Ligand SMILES: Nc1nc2c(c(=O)[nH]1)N[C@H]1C(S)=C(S)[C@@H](COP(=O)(O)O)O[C@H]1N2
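Single chain ahead, written as structure tokens, the form predicted alone.
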């Protein structure tokens, strides 16, 4: 008997859900919500999200994952194996700076757009029953992946570029990479289910007309089968164009507060959302941005003192002092550093030995790849880095010994560091102690 009462009580509670709080149609009062606004916000997201996704894939390719080791941060590639073997170019020298800058800046700009879309469709999230048909259930599942995925990607990315010590580099890379594919899978499913509805919503009202309406001219959309249009609308306090301007303006503000990190030191005062992008004090030859200090990398003075030697390994093995390297022909390359977090330096004037001449000295002028090893301890992803043949052969690729007319500082990789055009900053290994040229990729 008691069990029957509980069952009846539960049944009554479920039946009463549509009459409670946000599940009621008359709970929502905004006259702005409707198919047109939801469709317009969807269109904005469908423009920005693919750009963010594609530039993220470009970042992955820039690491040369097919070379293995710490270059491949996501070994379980599966269907994504097509990313392996793509030769990352060294020109133009600002290529990675551009693509990663776009990825970070637009990724941050997504947040207001996502929140705006979420606000626009909020009444539909409280529809009861949660799914009344297989198609509706599919839509709900896809929406779960889309909303959960996009917030996961935005906030883990934001935490990472803010330099909060939560994820290691390797952990963040794996989470962000696989998370993006789960999100895009959900998005593809959601677009498949909702695309025709979005097109219909946009066609219902000309975009120019709707954006040009004043607050006084704004009126609710005709009531539709769904739940977006309020059955008890309040008078408008803002036009739809005004609401979209606030959302878009918020995105542009976030972009403005991040774009300085990509443009170089002159604009670093704008990089409020990227603490690692702030220009250091001073104007000396080594006073430009760094990602990791020698102290954080556990570099000791003894390791880089007079006893330091570079192990050069190929068909022959040699140990070279810094003086030996300085006695070799010296070349100058004007190159920026561009990092995974989206920040970049301006071009710096690096001086050192060409990598291709080191390959010749090691008896492997046509080496297929090279491994750089650092004195840095801690994460393996930071102290080992592979590069491929085109990066070795580029005349701008150096084992740098000096920068801007002065010896490298300890924080910038003294006694020797790698600098290669269009290559992610943390692949340009600092505090190098061993270089190994190899025949096979």
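Positions refer to the first chain, counted from 1. Since this is a predicted model, take the numbers as computed values, not measurements.
The protein also exists as the form predicted together with the named molecule; that form is not presented, and the subsequent description refers to it.
Taking non-hydrogen atoms only, residue 33 never approaches the named molecule to within 4.5 angstroms in the predicted complex. Residue contact with the named molecule in the predicted complex: residue 173 places no heavy atom within 4.5 Å of it.
Mapping the unseen interface onto this chain, residue 258 falls outside it, with no heavy atom inside 4.5 Å of the named molecule in the predicted complex. Contact check for residue 42: no non-hydrogen atom falls within 4.5 Å of the named molecule in the predicted complex. Contact annotation: the named molecule lies within 4.5 Å of heavy atoms from the stretch 286 to 294 in the predicted complex, the single such stretch among 189 to 197, 176 to 184, 319 to 327, 286 to 294.
With the partner omitted from this view, the residue of 108, 337, 358, 120 that lies near the named molecule in the predicted complex is 337 [heavy atom within 4.5 Å]. In summary, among the residues 382, 58, 396, 392, the only one with a non-hydrogen atom within 4.5 Å of the named molecule in the predicted complex is 382. Along 395 to 434, residues 411, 412, 417, 425, 426, 428, 429, 430, 431 each place a heavy atom within 4.5 Å of the named molecule in the predicted complex.
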